[in-house]
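Encoded as structure tokens, the following chain is the form predicted on its own, with no partner shown.
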Amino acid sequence: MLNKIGLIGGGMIGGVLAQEVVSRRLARTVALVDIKPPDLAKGKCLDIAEGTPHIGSDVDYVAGKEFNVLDGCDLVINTAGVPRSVRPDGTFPTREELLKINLKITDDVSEGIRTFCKDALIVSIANPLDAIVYTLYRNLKPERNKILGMAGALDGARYRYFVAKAANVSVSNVQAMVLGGHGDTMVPIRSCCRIAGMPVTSFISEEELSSIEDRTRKAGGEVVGLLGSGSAFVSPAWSALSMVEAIAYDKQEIIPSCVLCQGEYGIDNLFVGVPTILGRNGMEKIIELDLTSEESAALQHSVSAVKTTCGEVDKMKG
């Protein structure tokens, strides 16, 4: 158990996180900050707190519109950002417009962390994931083990679910790994996919696997299309909490995470999704897999896309 976990953003993902941190007793105190009036953060936390007698949780909360509620946090989960929502005239903001808005929000988040919990571990969920994690690092310059993006944990869970349904087995029997950037260039690693320790190809044809892997890359958009408004919120929150539990309980668990690579996989000074051992210190170690030539090429293609995105960040921020 940690002493205090901070949550930045009280929207759909932030609300699930607040509820789950309390129910799983991951910290003695949960702090939630959100600027939405009249006081969204306090309202959500009070609602959760009033239900704690039913689950026997004595986790406390602090909440408000200002970053001072994060004072002394051991770990912060960042969800702050605006989604790509339709305008009144029916058009959507461009990718560049959305990135510019979310970079400004991330600058505010960075200042809040720097002021009130500069030594906290950071797990960021906000999109565009690769750009936001890079910006947080650019602004705060933390030790590289202390900042992680949640991407592979979610993408891998989606891959596992689709494989389990196709093979008609329990999701707990499936192990899978998705690396690279958090977008259409992500790389499901078929050579690492196992069902109860056996190769996935013993259960599912290569043609169906290719379809599953394509669906995995587009899974976020599939949920958005079905919802009609907003995006996935439960699965991203649970995925981030898997990372937080590995840290809080020093589990030394291997979870693909967006971390700063410094030579691993031939990647220099970029945040890319790679297999990572998570424990008390955050990123304990990066695991370098023996990839097939096709997987290695796909990963390098994804790295190129991440590099382009980070270049856009540098250009916008000067």
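Start at 1 with the first residue shown and count on from there. These numbers come from a predicted model, not from an experiment.
Another form exists, predicted in complex with a small molecule; not displayed. Remarks below refer to it.
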Handout entry: Partner-contacting position among 35, 291, 62, 255 - heavy atom within 4.5 Å of the small molecule in the model of the complex
Key = 35
Handout entry: Answer option from 199, 83, 221, 72, heavy atom within 4.5 Å of the small molecule in the model of the complex
Key = 83
Exercise for the section: Look at the candidate spot formed by 178, 245 and 286 and say whether the small molecule comes within 4.5 Å of a heavy atom in all three of them in the model of the complex. Expected result: no
Fill in the blank from the handout: Only one of 118-126, 163-171, 186-194, 134-142 sits within 4.5 Å of the small molecule in the model of the complex by heavy atom distance, namely 118-126
Handout entry: Contact label in the model of the complex: residue 298 to the small molecule, heavy atom within 4.5 Å
Key = no
Exercise for the section: Report yes if any heavy atom of residue 22 sits within 4.5 Å of a heavy atom of the small molecule in the model of the complex; otherwise report no. Expected result: no
Practice task
Mark residue 261 yes when one of its heavy atoms lies within 4.5 Å of a heavy atom of the small molecule in the model of the complex, and no otherwise.
Solution key: no
Practice task
With heavy atoms only and a cut-off of 4.5 Å, decide whether residue 209 touches the small molecule in the model of the complex.
Solution key: no
